[in-house]
Structures are given as C-alpha cells and as structure tokens.
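Coming up is one lone chain in structure tokens, specifically the form predicted alone.
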Amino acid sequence: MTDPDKNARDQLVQSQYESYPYPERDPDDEKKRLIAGSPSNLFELNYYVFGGARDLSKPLKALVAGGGTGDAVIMLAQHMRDAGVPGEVVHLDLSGPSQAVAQARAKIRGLENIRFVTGSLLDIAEVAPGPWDYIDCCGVLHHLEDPDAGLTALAGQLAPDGGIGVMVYGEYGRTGVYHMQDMLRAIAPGGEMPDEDRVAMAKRLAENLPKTSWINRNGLIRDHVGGGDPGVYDLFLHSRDRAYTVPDIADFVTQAGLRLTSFIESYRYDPDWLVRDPRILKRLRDLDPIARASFAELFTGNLKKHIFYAVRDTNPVSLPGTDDPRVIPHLLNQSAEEAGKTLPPGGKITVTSEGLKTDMPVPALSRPIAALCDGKHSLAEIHAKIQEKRADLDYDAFKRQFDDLYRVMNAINRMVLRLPV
C-alpha cells in the first residue's frame, strides 16, 4: 500500500536538491583548490577498509551514493589520477542540477575517471549494481525515510573485501537544530509556502532568536551564517532529518551486516585523549570500545556529525601496526614538507575541534620524521635517512619516537600506514 505522506516527503526532498544543490559549489574554484576531507581520501580508505594492504596498481571500483555537487567524487577521482590508480568513480544522485555542478567541476579538472548515473541509492541493485570495492555515502542516509534500508542496500552491493565510508549527523552537537526545524514547520510549512519564502522566514527567525535559544547557546552550528540559501535550507528546512548517537551507529552498522573499523577522527571517541582525571579513566578502561566512544561523545557534547568506515561483518581485515619495518607511513591532506615545518620539535601540539582544545605530546624528532613521511619511504628507509645525521640513533630508539608521533597523527587523522605489496 502506498504511503501518501512518504511520497510527499520524497517529493519535497527531491525538490529541495533540484532547487538548492548542496553543498553550494562554484566549479571555477577547482582551478585553485581541491576540497579534501573524510571519508574517501584514497590512502585513508585504503587503511580503514583494506588494512593498508590494497594493491593500488589494480583498478579500484568506487561508488559515491548521493554524490550531490561532487566533493567526494572529485576528491577521490583526483587522488586516483595523481597516484596512478586505474578504475573509475561513479557519481550516483537523483538531482540533475546537483549532478550538473559535479560534472562541471570534473570537466574543469579534466577528470575522465568519473561516470555519472542518475538514480536513487535505494535502487542501487538496478541502477548501479556492484560488486563495489568502495562506497561513499556522506550526508545522505540520515535524510532517507528508512536509513536502515538504505545502508543495507549499499552493503549488499559491496565486494566481499570491500567497505564503506559514511557520514551521518551527530545528535548532541546539533542541539538547537531540531528546535529550529519544529518552529519552522509552524511558520513556514513545506508544500504550503514557496521555498524562497521559507528560506527568508528561516533567516528572519534565526536573526530574531534570543540568546537563550538552544541554537544560539550551542554556538557550534554556523552553517546558516554566510553559507548561502542551500545551507539554510539543508539545516533548518529539510523535510527528513535524523541524528545519531554512538550506540545508534553501532546498531545501524550491525543491522546492515557490517562491522565498524573506525570513527574519524578517532581521538574524539577515545576518553584517554579527552579525560584528565585518572580515577575516571580507570573506571573507563575495561569498557568495550563502543561504550568508551559513547562516553567520549557525552563527555565533549560537540560531535555534530559522525564519520566512520565499515566492512562486511565476515571480513576479518584489521588495521596494520608499525612492527614491520617495511610499512610506509602516509600523511593525509598535508605534504611531508609542510608537516616537517609546522610540527613542533618535541613537546606538544594543541588540536582544536568544534571549540574543544586537546593537548597531545609529540617526540623530539617529530619534524625530521614527518618530513620523510611522503608515502614513498618505509620506516626502515626513514630511519636510515635520519641516521645519516644521527649516527647514534638505532632503529629501536627511532621506532619509539615514530610510534609516539604516529599515535598522535593517526588519532587526529593526519597519518595512516600502507603495507608493501
């Protein structure tokens, strides 16, 4: 039996992205910058999906489900071209205007390893059948009528050793957003008022809220400030929008037959980085990883979104360690030259994320080590180069310093490992 309310909501969602392609992007910006992030950085997904062990000389078959205006598809396709990885990235989306923006961005970059398919991710088996080595689904599932069905449909098209990178909204960090949405349903109802008038009303409401309102007390939500009408609409006027806690995500992943490999950035889910009181930490030490991550989420209260990687629950892949001297460290979204100049020469770095400052210790050799982490040198080769100036530094002493640096850089999602093929 057809649900008329669901059909109406489906139409509102599609109409939104037809009228307000999201996120708002100017294709000409591709001439001066590459928008990079998580999930779907090539070397990041190699680490969290394939345990750092994928042979990047073999074709990679990737799908961006609900690709919107193209951030993920452009980044991954560019990374693949730069690294000489054969294969293609398929951009799947229902919105023609959104897909047109992505196509224009790809054309400016001259990316020929992207294929565009129009359709719903719920129909993946028909419109974009697998098996896929990798699927990106960023900011989409939380807008479906049945997110569980969406994730299950995607999981069903993964290759046996494939995996998925996902972003969904976080509940606590979005405090105030849903108060705004409820108010706007009363004064700017969808289907009864033109979209441009609804956006204008949302802006008026945001400008007239008192300091006591939850959205103003939150302070973390700024998408509606200077983000253009698409940002206002997506934040405050979306007809379907739900948010998740860490336990919700654990259930979400499990019901789809998947296994979580990591949240990104992992330090934000690890009380050892966040809690200073040793007695509290002692009580947390024996909890399982999801319980610890859930505590961290409650403790900080600032997670507006959750980014995570998952693989099939039958896939035994694990994240690689640093015991093999042949392992190759790879910096993410930063050059080795830049890291070698900006990291402190020992002491600590302070990481700031959504208003939270976290101090992290780094070893004395942080700069020279990072300057050699170009994705080409193994640990043994990095040690050999450093030893040219530090003859007294044996491998064990070097590795202790590398491990101290890697613990921090991996936790903040700035470094991963690649195994020799």
Ligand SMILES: C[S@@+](CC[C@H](N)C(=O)[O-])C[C@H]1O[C@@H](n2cnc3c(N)ncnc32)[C@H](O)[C@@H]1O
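Just so you know, these numbers come straight off a predicted model, no measurement behind them. Note that residue numbering follows the sequence shown and begins at 1.
Absent from the display: the form predicted in complex with the named molecule. The rest refers to it.
Check: Looking at the partner-bound form in the predicted complex, is D133 within 4.5 Å of the named molecule by any heavy atom?
Finding: Answer no; every heavy atom of D133 is more than 4.5 Å from the named molecule in the predicted complex.
Next item on the list: State yes or no: in the predicted complex, is some non-hydrogen atom of M183 no more than 4.5 angstroms from a non-hydrogen atom of the named molecule?
Entry: The answer is no: M183 has no heavy atom within 4.5 Å of the named molecule.
Item checked: Any non-hydrogen atom of V408 within 4.5 angstroms of the named molecule in the predicted complex -> Output for V408 is no: heavy atoms all beyond 4.5 Å of the named molecule.
Next item on the list: Could you confirm whether P289 comes within 4.5 Å of the named molecule in the predicted complex, counting heavy atoms only?
Entry: It does not: once the named molecule is placed as it appears in the predicted complex, P289 has no heavy atom within 4.5 Å of it.
Check: Heavy atoms within 4.5 Å of the named molecule in the predicted complex: which stretch among 247 to 255, 332 to 340, 143 to 151, 211 to 219?
Finding: One stretch meets the cut-off, namely 143 to 151.
Checklist line | Heavy atom within 4.5 Å of the named molecule in the predicted complex - residue from V199, M75, C138, V177 | finding: Going through each option in turn, the one that passes is C138.
Item checked: One residue of L319, L94, I108, L274 in contact with the named molecule, assessed in the predicted complex (non-hydrogen atom, 4.5 angstroms) -> Contact residue from the list: L94.
Check: With the partner absent here, would Y48, F50 and G163 each sit within 4.5 Å of the named molecule in the predicted complex, counting heavy atoms only?
Finding: Zero of three within 4.5 Å in the predicted complex.
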